[in-house]
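First comes one chain, alone, set out as C-alpha cells in the form predicted on its own.
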C-alpha cells in the first residue's frame, strides 16, 4: 500500500484538459501506450479541484473550452502557483496564435489533428524540463536552508572568503582576531557542506542567482 502511494506521488504525470471526451480518451490511450501516466479533466475547474502531487508534470491544454479558454487559464497559472510546462492543442489555431502562446511561455503548440509522435515528443521533453526545474528548486531550497543556519559573523566571513580575501584581511575588515576568522570559516564550510573553496563560491553564486543571500 505504501509503495503504491509513494509511486503515485513521484510518477511523472500528464494532466489533460479538454471538454471533448473522445479527445481525452484518445490521449489517455496514446500516453498509456508509451507508459506515461495521464489524468484527464473536462474543464479547468475540474483540474483545479484535483490535488496535485509534487512529481514532475506537464499540462496538455485545449485552447477553446466553454467555461474558460486554455489561453486564459494559462495566463492565470503562475498566480495560482502552477509552473508546469503547458502544451496547447487546438483545432482552430494559426501561426500567429502559436507564436503568441510560445512567447507567453507555452512549451509547445499543436494543431489538431496532430500526429501521435508529435504529442509524445512534446510531453516527454516537457516532463524532463519540469523534473529539472523541480530539482533546481530543491537544490536552491537546500542551499538557502544552509545559509539560514549561519550566524551573522559566519555570514560576514563567508562573503569575504568568496571575494578571495585572506584570513588576515578578513580579520582586519571585521575587526576581529585572525583565529576567530579561522573558526568561523571552518564553521561556514561545515554548515554549507562545502568540500572546497571552489564549491563554496559556486554555492554563493547560486544563492545570488535569484534574490541573493
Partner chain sequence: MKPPFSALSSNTYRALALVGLCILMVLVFIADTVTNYAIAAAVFHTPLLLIAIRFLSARLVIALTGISMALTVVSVLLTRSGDYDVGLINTGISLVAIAVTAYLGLKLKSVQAAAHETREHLLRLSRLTTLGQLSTSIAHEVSQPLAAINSSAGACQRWLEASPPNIEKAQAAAQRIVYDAQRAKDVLDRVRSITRNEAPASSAFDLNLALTELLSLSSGEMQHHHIDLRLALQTDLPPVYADRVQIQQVMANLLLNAIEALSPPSSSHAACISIETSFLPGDKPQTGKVLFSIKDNGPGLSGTQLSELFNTFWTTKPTGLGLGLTISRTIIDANNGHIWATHQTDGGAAFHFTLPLAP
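Positions refer to the first chain, counted from 1. Computed from a predicted structure; not experimentally measured.
The discussion below concerns the form predicted in complex with its partner chain, not included here.
The candidate spot formed by 57, 107 and 128 lies out of contact with its partner chain in the predicted complex, as no residue has a heavy atom within 4.5 Å of it. For the options 26, 186, 159, 172, the one in contact with its partner chain in the predicted complex, meaning a heavy atom within 4.5 Å, is 26. Between its partner chain and the residues 83, 100, 112, 138, the one pair within 4.5 Å by heavy atoms in the predicted complex involves 112. Although the partner is absent from this view, residue 116 contacts its partner chain in the predicted complex, with a non-hydrogen atom inside 4.5 angstroms. In the predicted complex, its partner chain sits beyond 4.5 Å of every heavy atom of residue 78. Although the partner is absent from this view, residue 64 contacts its partner chain in the predicted complex, with a non-hydrogen atom inside 4.5 angstroms. Interface residue remark: residue 32 is counted as part of the site for its partner chain in the predicted complex, having a heavy atom within 4.5 Å. Residues placing heavy atoms within 4.5 Å of its partner chain in the predicted complex fall in a single listed stretch, namely 33-41, out of 173-181, 159-167, 33-41, 48-56.
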